[in-house]
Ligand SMILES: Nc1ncnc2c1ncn2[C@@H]1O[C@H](COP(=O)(O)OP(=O)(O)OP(=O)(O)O)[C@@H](O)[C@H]1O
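In the form predicted alone, a lone chain appears below as structure tokens.
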């Protein structure tokens, strides 16, 4: 879907490249997370993908087309790409409805289609259109503004989304909720997403694929599990930090360790200690510790399908350590 081939960016007057011969590809329908310290080239790569910056050398392809070819119009390209930034970028003198409708208006959609799309998107990101459509950005909380920013990026149903530290400006609790909400949306929408963060834990949680950068260079790329179990060098090891096993449990869904309902303790269905099948095993472990329980139920929607035990988690961690 998106391919970078030996891409380099040198800004005028700079002694070193901001991006130095970087090559990787983003698979259609996946979230690819760029992670690394400030100044490593993450945002520059994002801006080159939608031609807010032009590469000094190398090529970027989207759907097989080289984006710098003369027949590729930059404005039309950007309309096919949703863009979400940390500062949200909502227009302060326009209502929520007007902000979300920005691109559809540029595309000259009919007014009734725009209204319907805005209402649909606000509901999709967990906001009530009747309560919020008429409000202005200054009347919203940080988390609500981020949700509106995501809705605006989705307005014209773009196949690609670029997200630059989209949840970085909110407190940790709201951030986790926004992450969970967006992953739920992505499961339904299956967009191709490039996501920038400086937080390796967010990268592990959000990414199907992770690209690690430092000083403009590509250090390692792979699935979160590949990064965690086979770090390329000491830089990656330091970036990952400690508690590798816990991070791996964040990648593992409850459905992978569930035991069938026939093996459940009789009281489990009524004690409220449950997770959803798509939740990470780490969440099940947190509930066990909080509730002083060695078993957590697993639901698929409203149906109780089985349970995860502390013994099963311990066995899984031991197997991971044996293979690292």
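All values reported here derive from a predicted model rather than from experimental measurement. Positions refer to the first chain, counted from 1.
Keep in mind that the form predicted in complex with the ligand is missing from the display, and what follows is about it.
The contact with the ligand in the predicted complex, taken as any heavy atom within 4.5 Å, belongs to 165 out of 165, 80, 181, 226. Residue in contact with the ligand in the predicted complex (any heavy atom within 4.5 Å), chosen from 49, 258, 275, 40: 40. Here the chain stands by itself, but in the predicted complex one stretch of 59-67, 280-288, 41-49, 294-302, 41-49, has heavy atoms within 4.5 Å of the ligand.
Relative to the ligand in the predicted complex, residues 6, 192 and 209 are all farther than 4.5 Å at every heavy atom. Among residues of the shown chain, residue 186 is not one whose heavy atoms approach the ligand to within 4.5 Å in the predicted complex.
Proximity of residue 307 to the ligand in the predicted complex: non-hydrogen atoms within 4.5 Å are absent; the residue sits far from the partner. The closest heavy atom approach of residue 244 to the ligand in the predicted complex falls outside 4.5 Å.
Contact between residue 22 and the ligand in the predicted complex is not found at the 4.5 Å heavy atom cutoff. Contacts of stretch 236-255 with the ligand in the predicted complex, defined by any heavy atom lying within 4.5 Å, are made by none of its residues.
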